[in-house]
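Given as structure tokens, the chain that follows is alone and in the form predicted on its own.
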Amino acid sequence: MSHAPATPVGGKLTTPFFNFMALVALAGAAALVVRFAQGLGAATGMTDGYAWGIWIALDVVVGTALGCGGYAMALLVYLANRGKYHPLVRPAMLTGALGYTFAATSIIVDVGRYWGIWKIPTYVAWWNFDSALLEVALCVMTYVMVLWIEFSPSILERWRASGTPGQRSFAESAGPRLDRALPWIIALGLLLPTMHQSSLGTVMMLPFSKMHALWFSPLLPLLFLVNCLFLGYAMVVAESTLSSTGLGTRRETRLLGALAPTMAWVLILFVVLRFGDLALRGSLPAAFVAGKYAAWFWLETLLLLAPAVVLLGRNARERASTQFGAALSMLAGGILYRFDTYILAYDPGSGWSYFPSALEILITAGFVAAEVMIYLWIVRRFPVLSSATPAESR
């Protein structure tokens, strides 16, 4: 199919927004120094009751789902053969590669004896094949490499066009080999998220006696997999809208509008699965017991049902503002569901509580800021986004 070619955005990198992100990233780096110098106890609000906090619940569990835009688009473009969505693949792959890279980095920050993490992929004789966390660790490590390989055609394309002699030579040599390998790489890129996103749900099936009934479910692996799909689609819409507004790149309003029904039906599938499971297991009455758990449950539900209805309407196919609003609601509801499953719904018993420390929050904010800075640097210098802005898009 014919698409507008991806080109480097160009322009000045050090804008006021970029400089602000740099300050946040530097503050996060300073907090990291405290964490590694003084240990987890001095830097976090975690306890023996809450062995993980926002570095896992947000940076990893939510961060990897937000990075599933590449996975979601690959399912459409390569598996369902919807070639018209191909312009959305490169930015989705870049967002995914950055999201997973920083999620993997967060794991290193969260682990107490981080210097031994290299043993996970190498000490094969010690592997516990019944461990969901082992599968998550191995899949995430591998998927980070797969995402950067899938994104590498953008880098090679730039090097062929305007790189140094050495870069041009490497790109001309590696390009054909990469083209032959990409079908296998893409297949692996479809398999790995399916495995570890469902396993992130499996992890919270293990402490079943400590989980609230509204979030514990034998369907958690399936729910987390469907959840990562609609979060991935929402990130594609949000990234495309913000890029076109902030960088002046091509608006993909019609293309995102064509994606709207798919997003809506994935949302509806998630809500039906969740409510059907709660009803069949007799846990639905807990949603009508006054308290914080029911309030958060219904907030999640409303944040997901509202965009499902909106995305099935005509406005979602024609107006960028409607698409963006629906995507924000999807992101809020999907993020809240994952965070609630890992933090709110988990009760280790009386006497334990958790609230993230200032350093935890600062490190997470620093990671996000660094990710945004790297994204801006890459799209300004490499062909990722379609730069022409058609007049008919609004």
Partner chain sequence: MTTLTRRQLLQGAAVAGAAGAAAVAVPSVAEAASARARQPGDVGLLYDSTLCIGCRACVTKCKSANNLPVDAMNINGVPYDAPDDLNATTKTVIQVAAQGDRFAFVKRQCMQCLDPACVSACMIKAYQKGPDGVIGYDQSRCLGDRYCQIACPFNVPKFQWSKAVPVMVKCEMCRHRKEGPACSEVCPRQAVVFGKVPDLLAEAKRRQAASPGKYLARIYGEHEVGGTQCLYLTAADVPFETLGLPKVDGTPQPHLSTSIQHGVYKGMIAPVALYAAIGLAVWRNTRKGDEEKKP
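Keep in mind it's a predicted model, so treat the numbers as computed, not measured. Residue numbers count along the first chain shown, from 1.
Beyond the structure shown, there is the form predicted in complex with its partner chain, which is absent from this document and is the topic of what follows.
Visitor: Whether residue 355 contacts its partner chain in the predicted bound form should be assessed with a 4.5 Å heavy atom distance threshold; does it?
Guide: Flag for residue 355 set to no.
Visitor: Is there a non-hydrogen atom of residue 290 within 4.5 angstroms of a non-hydrogen atom of its partner chain in the predicted bound form?
Guide: Close contact is absent here: in the predicted bound form, residue 290 is far from its partner chain, nothing within 4.5 Å, heavy atoms only.
Visitor: Closest heavy atom of residue 369 to its partner chain in the predicted bound form, within 4.5 Å or not?
Guide: Looking in the predicted bound form, residue contacts with its partner chain do not include residue 369, since no heavy atom lies within 4.5 Å.
Visitor: Can you work out whether residue 298 and its partner chain are in contact in the predicted bound form, taking contact to mean some heavy atom pair no more than 4.5 Å apart?
Guide: So residue 298 does not count as contacting its partner chain.
Visitor: Name the residue from 261, 218, 166, 246 that puts a heavy atom within 4.5 Å of its partner chain in the predicted bound form.
Guide: Only one option qualifies, and that one is 218.
Visitor: Let me know the one among 271, 213, 238, 306 whose heavy atoms come within 4.5 Å of its partner chain in the predicted bound form, would you?
Guide: Selected residue: 213.
Visitor: Thinking of its partner chain in the predicted bound form, which stretch from 146-154, 253-261, 310-318, 229-237 has heavy atoms inside 4.5 Å of it?
Guide: That would be 146-154.
Visitor: Going through 97-119, which residues have a heavy atom within 4.5 Å of its partner chain in the predicted bound form? Please give them in sequence order.
Guide: Counting only heavy atoms within 4.5 Å of its partner chain in the predicted bound form, the contacting residues of 97-119 are 110, 111, 112, 113, 114, 115, 116, 117, 119.
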